[in-house]
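To begin, one chain is listed below as structure tokens, in the form predicted alone.
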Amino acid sequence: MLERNLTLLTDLYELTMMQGYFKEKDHDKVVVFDVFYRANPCNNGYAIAAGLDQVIEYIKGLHFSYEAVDYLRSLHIFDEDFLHYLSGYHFSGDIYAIPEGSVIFPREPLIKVVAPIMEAQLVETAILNIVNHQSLIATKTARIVYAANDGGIMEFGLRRAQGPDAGLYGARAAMIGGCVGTSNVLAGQMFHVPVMGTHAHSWIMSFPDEYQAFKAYARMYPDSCTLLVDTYDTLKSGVPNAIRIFREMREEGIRSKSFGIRLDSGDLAYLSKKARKMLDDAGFPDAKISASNDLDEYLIHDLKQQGAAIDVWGVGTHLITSKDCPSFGGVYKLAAIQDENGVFVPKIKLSENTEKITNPGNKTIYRIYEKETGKIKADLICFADETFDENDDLLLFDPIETWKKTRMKGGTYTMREMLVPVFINGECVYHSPSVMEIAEYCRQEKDTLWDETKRLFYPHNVYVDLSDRLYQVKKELLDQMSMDNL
């Protein structure tokens, strides 16, 4: 994360509530907050967790500087004793999270914060800001990568992103989601990811003719010579001039590691097929064809259906903004409060909208895999102290439509706890992998999904179930609240 103090990157009401807890002498009360989302973005069958490393950096850097305290004082709504408390603030709680790059599903805790209520309240806004954005872009990227099948996706949306941060961390999330490279040079430096790019139409237009522009570019970048061929006439001028350059390079003994053409306008299916034949007939079957021009997963899917001869796809605006689904929808909800005996008392939020009723208690998540295939069968949300034996039969049931049941026979499944400790007593105990390591882990994670869940249209939803014990506690709380309202 860029070196700056993000402590005040919060909503004002977080601070006013903090002062309220401080005045009520409730600031040492330990609580559990869950970060989760209610529906997969882009009508997808899953989402990708991203942003944890930036959450870690944010938590590590939490402190109220003199300037921050002076600014809060200038608002004339905070008392001096509270401001004095803030001047010595540091995070002392626990945080658990699903690792970045994991496939995730609605209603399960992605991040769990266990901390004194004042501290837990403060971090809500920034955690949601970071996780919502990066998880959204990583998920959108995963869809685009799926549509391209074997074709590589280059991210180059920086100029269309909603500001520098969105461009920078969007590129990071895109690499996690499956991009092979980014045009964003700062992202390349900060996150040690491949940077890629060709040249603009202005390069061609600045020379007397297209051939001379190509020749100058090939002379400077012989090992990575991708020529933009649609400035004037793709098939009558651009591709023939590119072939001429490739022939000259071959005659001079230049063996380019990567060479080809880029299409940025017109009917990409038609032009790519014609260009492919021209390149092949000229003796350049290894020349790659890359394409751009307002691509998204739907257009890529259609182009693939039409037999487009495109090897690499450059995707900008629709990826970096997740144009058709611009928000992730993650929320931060209170789930439990610790009593005087150190026991977490489950809390629940009631709503007329079933999807907005929360799951109470201090929880964890177990992912259940079919042993034979290694594919995900379901996720099971349960209390943090529940244990399971893979040799025992496991009954899974839909927590809403409870008649839908599946019995997993002992020995036919494996279980993996998804939440891992990140902070314990305010100290970071988690080592974040590199972005490229997370990207490889994400690729493996997507392989655990059934094809029916990965499809772009009407995907099968993975079941997220509750343990019987958690379901019974939730039911009791709902029944009690219903009786109280009679």
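Note that this is a predicted model, so its numbers are computed, not measured. One-based numbering along the sequence shown.
Note that the form predicted together with a further copy of the same chain isn't included here; everything after this is about it.
- Using a 4.5 angstroms threshold between heavy atoms, residue 196 counts as touching a further copy of the same chain in the predicted complex.
- Heavy atoms of residue 330 reach within 4.5 Å of a further copy of the same chain in the predicted complex, making it an interface residue.
- The closest heavy atom approach of residue 221 to a further copy of the same chain in the predicted complex falls within 4.5 Å.
- Remark: residue 337 counts among the residues lining a further copy of the same chain in the predicted complex, judged by a heavy atom distance of 4.5 Å or less.
- Residues within 4.5 angstroms of a further copy of the same chain in the predicted complex, judged by any non-hydrogen atom, belong to 66-74 and to none of the other stretches in 66-74, 415-423, 42-50, 437-445.
- Screening 366, 89, 78, 383 for any heavy atom within 4.5 Å of a further copy of the same chain in the predicted complex leaves a single hit, 78.
- The partner is absent here, but in the predicted complex a heavy atom of 158, alone among 180, 158, 279, 394, sits within 4.5 Å of a further copy of the same chain.
- Relative to a further copy of the same chain in the predicted complex, residues 303, 362 and 405 are all farther than 4.5 Å at every heavy atom.
- Of all the residues from 156-172, those having a non-hydrogen atom no more than 4.5 Å from a further copy of the same chain in the predicted complex are 158, 159, 160, 161, 162, 163, 164, 165, 166.
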